[in-house]
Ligand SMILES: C[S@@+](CC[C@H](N)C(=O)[O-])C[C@H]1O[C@@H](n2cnc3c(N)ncnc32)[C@H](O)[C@@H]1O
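Here's a solo chain for you in structure tokens, the form predicted on its own.
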């Protein structure tokens, strides 16, 4: 792996880095929690919406077994290519390149729809949830999670991007954590037709690599990779210095510790 000029020459495209770095550091722990909350059963038919590189879909396949089925849907072809390459031998997961607002699958197809940290990014959340409702069998369930509000660690990151790069890059960081109010989430899900909506939240503590390492892992696993490639070395040096300095307060025994609140919600069709 090449890492020079403050991460500007980081090897790999964002979807590859997402699977290599973001998934084990953040995505997989939260996916395990989501799968536990979903309580999948052998034989169930599952759709993972906004599947990214497929960590939730892979875990779901373990739970539903050979008598069940899993499909993943995402609008990013790069993410789906990595997802397809990461499927273990002998596991069959179907992948669909499509928007969550226009799912190209028949009505009443799935027992469970899963969505990890995706709803906040959909341009039309109501339309996406209506599509999730449509593809569920009667009595099927939607299970999703959302992080927020913005943890102090990421507030520092957002401010550093605002100070050293531009306001637009800061907004991506904030959007990740933009949908977290439990009543707003309940209303969105109920408004799409779901019944008996259950919403809960918990605080997760995640152990991350050193501040400098995690900074570039995160940046190059996300759309921020394009931002830093357009920045000059002086901007990136200042960004790294500000972030690493601010993140020292979150370091315990050399590990960067992230405390994040995660909302989990379920609703029935």
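Positions refer to the first chain, counted from 1. Everything numeric here is computed off the predicted structure, so don't read it as measured data.
Quick note: we don't show the form predicted together with the named molecule, though the next part is all about it.
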| item | value |
| --- | --- |
| 84, 99, 178, 155 - the one with a heavy atom within 4.5 Å of the named molecule in the predicted bound form | 99 |
| Heavy atom within 4.5 Å of the named molecule in the predicted bound form - the one residue of 79, 173, 143, 192 that qualifies | 79 |
| The named molecule contact in the predicted bound form: residue 18, any heavy atom under 4.5 Å | yes |
| Residue 73 within 4.5 Å of the named molecule in the predicted bound form, heavy atoms | yes |
| Exercise: residue 122 in contact with the named molecule in the predicted bound form, heavy atom 4.5 Å | yes |
| In the predicted bound form, residue 55 touching the named molecule (heavy atom, 4.5 Å) | yes |
| Contact stretch among 99-107, 157-165, 195-203, 181-189 - heavy atom within 4.5 Å of the named molecule in the predicted bound form | 99-107 |
